[in-house]
Every structure is written in C-alpha cells, then in structure tokens.
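Take a look at this single chain, the form predicted alone, given in structure tokens.
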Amino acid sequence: MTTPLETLRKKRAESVNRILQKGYLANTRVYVGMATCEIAAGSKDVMEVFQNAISTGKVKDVYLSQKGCAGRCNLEPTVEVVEAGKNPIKYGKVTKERAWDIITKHIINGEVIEEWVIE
C-alpha cells in the first residue's frame, strides 16, 4: 500500500519532470507574436523557423511560446527574446530570414541586432 507521502513525492517528481521537459526553466525564452494580425503578416512562418531550430538541436535551453497582440501592427511580425539576467529584446518586421539571423546572431552568439530592435 502506498502512503500519502509517497503519492505526494511521486506527483511532485512527475510535475518537476513535466516542467523541465517543456523548457519552462530555460535560460532563454522566445515569444513570437501570434495574434490574428501577426499571423496575417507571416508569423506562422517565423514560428516554424524557431520550432525547427529547437527540434533539430541548433539551439538548446530555449523555451518557445506565442504571445498575443502588442498593438504594433506596423511592426509585425514581432519576436521577443528574454534571456536570464538581461533586459528583453523585441524585434519587429521579422521574416523567416530575419528569424534565422536572430537565432544565429542573438541566441547563439549573444549579439543583439540593433537595427531590428523596437522600443
């Protein structure tokens, strides 16, 4: 018979494992704008680039998620990169090609692409 404490420990271990598998504790978080207007501007393609980079192992320790409308339609699609201990960086008018540049220059090499940053 399983004791209540053993059941609790098992559930806790399962929860911690789920958190780690989903990447919630990653040092880098990437948010792609996926509101209706951003999707119309091409954000699905941008999201796919980031998904492929993560699934193929090009980048590691990255949590990828969607974000809603930022009210900046003229700058869509947008991507926000949040790194532990640093200020968030928001990029505007991100294309598939720019997404790859954000991955290689910013996420992998730590170089912010200033000309694409939005305030």
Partner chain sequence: MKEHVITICNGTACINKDVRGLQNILEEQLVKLDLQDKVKINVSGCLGMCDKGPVMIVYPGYTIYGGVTEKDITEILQEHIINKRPISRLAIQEDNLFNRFFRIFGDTKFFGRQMRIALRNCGIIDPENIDDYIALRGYEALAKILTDMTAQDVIDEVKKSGLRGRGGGGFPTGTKWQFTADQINDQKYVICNADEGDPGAFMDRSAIEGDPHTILEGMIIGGYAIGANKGIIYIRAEYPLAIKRLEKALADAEAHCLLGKNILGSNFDFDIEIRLGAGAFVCGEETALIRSIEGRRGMPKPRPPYPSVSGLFGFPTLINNVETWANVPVVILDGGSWFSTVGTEKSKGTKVFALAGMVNNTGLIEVPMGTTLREIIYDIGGGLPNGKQLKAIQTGGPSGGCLPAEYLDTPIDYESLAKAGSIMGSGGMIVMNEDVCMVDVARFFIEFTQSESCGKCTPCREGTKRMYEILTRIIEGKGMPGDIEKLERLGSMTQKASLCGLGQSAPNPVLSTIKNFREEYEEHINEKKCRAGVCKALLNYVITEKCIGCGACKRVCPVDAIDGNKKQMHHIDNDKCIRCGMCMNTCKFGAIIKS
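Think of the rigid core as the biggest set of C-alphas that the two forms share within 1.5 Å after superposition. Numbering follows the first chain given and starts at 1. The structure presented is a predicted model; accordingly, all values stated were derived computationally and were not measured.
What comes next is about the form predicted together with its partner chain, which is not displayed.
A heavy atom within 4.5 Å of its partner chain in the predicted complex is found for exactly one of Met34, Ala26, Ile54, Ala41: Met34. Contact annotation: Lys86 falls within 4.5 Å of its partner chain in the predicted complex, judged by heavy atom distances. Interface residue remark: Ile108 is not counted as part of the site for its partner chain in the predicted complex, having no heavy atom within 4.5 Å.
Put simply, Arg72 is close to its partner chain in the predicted complex: some heavy atom of it is within 4.5 Å. Within 4.5 Å of any heavy atom of its partner chain in the predicted complex lies no heavy atom of Gln21. Contacts with its partner chain in the predicted complex, taken as any heavy atom within 4.5 Å, map within 1-24 to Met1, Thr3, Pro4, Leu5, Thr7, Leu8, Lys11, Arg12, Ser15, Val16, Arg18, Ile19, Lys22. Taking 2 Å as the criterion, Ile108 does not count as shifted between the shown form and the other one: its C-alpha moves by less than this amount when the rigid core is aligned. Superposed on the core, the two forms differ at Glu14: its CA moves 2 Å or more between the shown form and the other one. Relative to the shown form, the Cα atoms of Thr56 and Ala13 move apart by 3 Å or more in the predicted complex. With a change of no less than 3 Å, the CA-CA distance between Ser15 and Ser65 is smaller in the predicted complex than in the form shown.
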